[in-house]
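To begin, one chain is listed below as structure tokens, in the form predicted on its own.
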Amino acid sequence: MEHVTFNNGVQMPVLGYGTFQTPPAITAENVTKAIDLGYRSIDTAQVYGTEPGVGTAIANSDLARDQFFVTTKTQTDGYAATAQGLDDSLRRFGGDYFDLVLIHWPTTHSLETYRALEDAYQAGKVRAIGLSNFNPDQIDELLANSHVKPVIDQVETHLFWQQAKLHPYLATHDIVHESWAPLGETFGREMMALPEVTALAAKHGVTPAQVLLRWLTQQGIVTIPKSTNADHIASNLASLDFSLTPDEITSLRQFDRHHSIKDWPQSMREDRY
């Protein structure tokens, strides 16, 4: 496994297992599959309803808690709701800390929400705190009004929306770039069918999906592909077993369409900042 290092020194696997849209009733089963295949980073969120299943799978594994990196995300706005929500998440998860907690998306009182995460960080309830779906203007405001620097920004990122404007901003501010929807969701089949992608897959003896994932991770972009198919879960992890050349990485930049799958949140549009 390859890792990224946060601005507070904590390390995170560059590839993890996502649980978005995984039915809560089968979350533990699927996370167990991922753990057995070698995943150690698991992404969940309050809104997903998968925190209990993630906790069950980890508790039932043969590995110690400190062998895992678990991310969750808030579904709250403001200090009190966020502080209480995080305690509720820990109870659902069945543990006394998360490795990373993100504000899931900007809200009316994001600064107060983040202050609750800062206090949780200082109290040892979380090893690192960060953001999701925040644009540079929103991050600038948060940086000017907080004490603990966010370590990461999780945003929609894939071949058709490469975040060419946001990525250098995050690098300049020592904030890790993390991708959600790394395989483009509804755009996935189209991306995987591109002749340039299929040619690289054939050259390296891998699948088009593995090319798309490796294209991200080699740029230091954390990815959290989701699947309930055991073969796909294994294949996604195996994307780390080969490397694209710098020229091959550059060759795929031509496919950036600069817009979102879902156009959400609209504040992430590149003409909004």
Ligand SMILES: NC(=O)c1ccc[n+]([C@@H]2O[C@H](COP(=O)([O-])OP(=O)(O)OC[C@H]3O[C@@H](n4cnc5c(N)ncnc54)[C@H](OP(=O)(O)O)[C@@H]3O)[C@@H](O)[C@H]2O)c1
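All residue numbers are counted from 1 along the displayed sequence. Remember, it's a predicted structure, so these values are computed and weren't measured experimentally.
Just so you know, the form predicted together with the ligand exists too; it's not on screen, but the next bit is about it.
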Review point. If you check 142, 175, 116, 192 against the ligand in the predicted complex, which one has a heavy atom within 4.5 Å?
Key: 192
Point to revise | Position in contact with the ligand when the complex is considered in the predicted complex, options 60, 229, 245, 67, heavy atoms within 4.5 Å | key: 229
Check your understanding: Within 4.5 Å of the ligand in the predicted complex: all of 5, 134 and 218, by heavy atom?
Key -> no
Check your understanding: Taking the partner as it appears in the predicted complex, which of 87 to 95, 166 to 174, 197 to 205, 126 to 134 has residues with heavy atoms within 4.5 Å of the ligand?
Key -> 126 to 134
Review point. With the partner left out of view, is residue 161 within 4.5 angstroms of the ligand in the predicted complex by any non-hydrogen atom?
Key: no
Check your understanding: Would residue 185 count as a contact of the ligand in the predicted complex, using a 4.5 angstroms cut-off between non-hydrogen atoms?
Key -> yes
Check your understanding: Applying a 4.5 Å heavy atom distance criterion, does residue 181 contact the ligand in the predicted complex?
Key -> yes
Check your understanding: Do residue 43 and the ligand share at least one heavy atom pair within 4.5 Å in the predicted complex?
Key -> yes
Check your understanding: Using a 4.5 Å cut-off on heavy atoms, what residues in 57 to 79 are near the ligand in the predicted complex?
Key -> 73
